[in-house]
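In the form predicted on its own, a lone chain appears below as structure tokens.
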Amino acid sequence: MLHLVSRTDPAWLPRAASHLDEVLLDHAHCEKKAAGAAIKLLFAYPHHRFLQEPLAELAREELEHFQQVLAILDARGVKYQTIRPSPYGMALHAEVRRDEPDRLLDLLCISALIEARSCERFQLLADGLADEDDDARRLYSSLLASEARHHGVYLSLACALVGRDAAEARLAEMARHEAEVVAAPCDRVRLHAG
């Protein structure tokens, strides 16, 4: 279960398919940011021993995914470059509380929700891309299980931090906010927006 309270608008898939190179470029940046987020948590919370191995493994996997997306971009002749990100991540992080352990709980919940939304959208792309985009379709199909697992890892870490009831209650609150954020109009087509 991905703990999302909304589904992606059906209009997203045709927009994403018609701007697939842009979505792939955004995806590469998302994988790199996901690795960075896991590493940042490792450094910010060294006193939480239970975080160390799971986050190190997540960071490694996210970097592997980053390399896989780079290979697809190269094969498609798309130059890897900086792009304007969607407002999705910043809007989610605006809800992070300041005091601990609430801050860490919120960061873990945000990561869980981002992984869940990625999984949902990867499924849409895996099922809906045309034959001429078979390389991307195979990539998205291959990443589904790891995205779902990453969602579960972040949720498990949140439960280890504050207990299952408190973690799931906060995740549900943040999932409602995530649904509003992902539904907001965006002038760019991105993995988590548009």
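Given the structure is predicted, the values throughout are model-derived calculations rather than measurements. Residue numbers run from 1 along the displayed sequence.
The following text describes the form predicted in complex with a further copy of the same chain, which does not appear among the structures shown.
Interface residue among 161, 129, 59, 143 relative to a further copy of the same chain in the predicted complex, by the heavy atom within 4.5 Å criterion: 59. When contacts are judged by a 4.5 Å heavy atom cut-off, residue 100 does not count as touching a further copy of the same chain in the predicted complex.
Contact check for residue 36: a non-hydrogen atom falls within 4.5 Å of a further copy of the same chain in the predicted complex. The shortest heavy atom separation between residue 166 and a further copy of the same chain in the predicted complex exceeds 4.5 Å. Mapping the unseen interface onto this chain, residue 53 counts among the residues with a heavy atom inside 4.5 Å of a further copy of the same chain in the predicted complex. Contact annotation: a further copy of the same chain lies within 4.5 Å of heavy atoms from the stretch 70 to 78 in the predicted complex, the single such stretch among 118 to 126, 101 to 109, 88 to 96, 70 to 78.
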